[in-house]
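In C-alpha cells, the next block holds one chain alone, the form predicted alone.
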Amino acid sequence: MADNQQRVALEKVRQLYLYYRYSMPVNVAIALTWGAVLYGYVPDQQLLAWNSLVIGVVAARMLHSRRRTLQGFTLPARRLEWEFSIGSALMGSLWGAASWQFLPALPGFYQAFLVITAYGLVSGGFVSMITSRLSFNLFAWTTILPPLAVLAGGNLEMQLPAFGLVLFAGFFIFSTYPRMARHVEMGIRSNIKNELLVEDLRCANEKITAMSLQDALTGISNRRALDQHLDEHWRLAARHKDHIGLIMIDVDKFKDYNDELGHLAGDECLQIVAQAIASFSRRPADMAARYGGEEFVLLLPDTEQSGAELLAEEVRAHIEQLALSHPTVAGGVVTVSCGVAVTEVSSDISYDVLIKAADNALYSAKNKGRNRVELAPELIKSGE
C-alpha cells in the first residue's frame, strides 16, 4: 500500500512537470501581449525589465523541468512538488506585481483586458497544475489578488465587480478545483492499478512459460525447451557454418533399478543424475535436457568432435564417481552410456539427423557393454 502511495505521488509530480512545459510558452506570449498593451502607458525601462524577468523565470523553469525529467524524478515527490511550487509562486508574483504596478495607469478597457487575461492564466494553471493543489493555489492567488485589489481600491463602481470576481475565484479554487483534482488522482490510481495487474499477468505468463519448458521431476529443461533451443542455434550455426555437438545419455539398466528399489528411489536417482549432467552445461548456449524417461541430452553449440567426445567421457566418469548404489549392475553403482554426434551445420540438413546419429551412437555404447562413450562413425556433413 505504501509503495502504491509513493507511485501515485510520483506520477502526480511527473504529470505536473510534463504538462506545465506546454503552458510555459503561453506565459511568454501573454507577457509580450501585455507589453504591447502597456506600451505608452508605462515607462519603457520598467516594461522592459518586467518582460525580461518573465522570460528569465520561464527559461529557468524550463531548464529545471528538463533537468528533473532527465534525472527520472529520483528525488522524493514532496521535494519535487515544493520546487515546482516555488517556481509557480514566483511566476504568479510577477503577474500580480505587473497588475499592481501598471493597472492604475491604464484606461478602463485595458484594465478589463489585463484582469481577463489574468483569469485566463489561472484557468490555464487549473489544467497544467491539476495534480498539485499547493502549486495551483500559490500561482492563482498571487496572480489574481493584486489586480482585484487595485480594482477594489479604485472608484466605487469597480468595487462590486471586484468583490464578485473574488467570490468567483474562491468558488473556482476551493470547490471546482478539488473535485477535478480528485478525479484526476482517481484516474492515476486506476492506471497504476492496471499497470500492476499487467505486470502481475506478465510475471505469471513468464512463470507458466518457464514451467512449460522445465521438466517437472528433475528441474532441468524438457524436450520442448530442447527443441526450441536447438532450432534457434541450428539456424544461427547454419549462417556461419559452425559445428553443433550433441551427447545422448542413458542411465544403464534403469528399469532394473526401479524394479529393485521402487519408483521413488528411481525418481531420486534421475534427479541426481540430471543435476550432475546439468553441471556440464557450462556456457550460455549449452543446454542439458531430459529427453524422455531415463534419457538425457547435452547440447553443445560451437563444439568440435574431439571436444564433445572429451566432455561425454567427463560426464560418464563423474556419474560413476557419484557411487549411487545400483543392485543389478557390475560394480554396484549407477552408470550411464553416452552417444556423441557432431555436425557442421548447413541449411541442407535438419537437426533430426544429429539427434538420430547420437541415438545410434548411444545404442552402440549399450550394445558394447554400457558405461562407455561411443562416437558417431564420422562427422555428419551436409547432404548425408
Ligand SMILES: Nc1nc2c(ncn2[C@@H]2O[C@H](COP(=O)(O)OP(=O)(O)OP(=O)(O)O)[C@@H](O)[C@H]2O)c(=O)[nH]1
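Since the model is a prediction, treat every value here as computed from it, not as a measurement. Numbering starts at 1 and runs along the sequence shown.
Although it is not shown, the form predicted in complex with this ligand is what the next lines describe.
S.K.: So which stretch, 138-146, 275-283, 244-252, 93-101, is the one near this ligand in the predicted bound form (non-hydrogen atoms, 4.5 Å)?
M.R.: In the other structure, the partner sits against 244-252.
S.K.: Out of G87, G266, G124, P301, which one falls within 4.5 Å of this ligand in the predicted bound form, going by heavy atoms?
M.R.: Answer to the contact question: G266.
S.K.: Of A112, L217, M180, I192, which one comes within 4.5 Å of this ligand in the predicted bound form, counting heavy atoms only?
M.R.: Looking at the other structure, the residue within range turns out to be L217.
S.K.: Answer yes if any heavy atom of G293 is within 4.5 Å of a heavy atom of this ligand in the predicted bound form; otherwise answer no.
M.R.: Yes, G293 lies within 4.5 Å of this ligand in the predicted bound form.
S.K.: Please tell me whether any heavy atom belonging to Q305 falls inside 4.5 Å of a heavy atom of this ligand, as the geometry stands in the predicted bound form.
M.R.: Q305 lies outside the contact set for this ligand.
S.K.: Is R21 near this ligand? Define near as a heavy atom within 4.5 Å, in the predicted bound form.
M.R.: Residue-level check for R21: no, no contact with this ligand.
S.K.: Taking 4.5 angstroms as the cut-off for heavy atoms, does L270 touch this ligand in the predicted bound form?
M.R.: Output for L270 is yes: heavy atoms within 4.5 Å of this ligand.
S.K.: With the distance limit set at 4.5 angstroms and only heavy atoms considered, check whether N258, K366 and R370 all reach this ligand in the predicted bound form.
M.R.: Per the other structure, all of N258, K366 and R370 touch this ligand.
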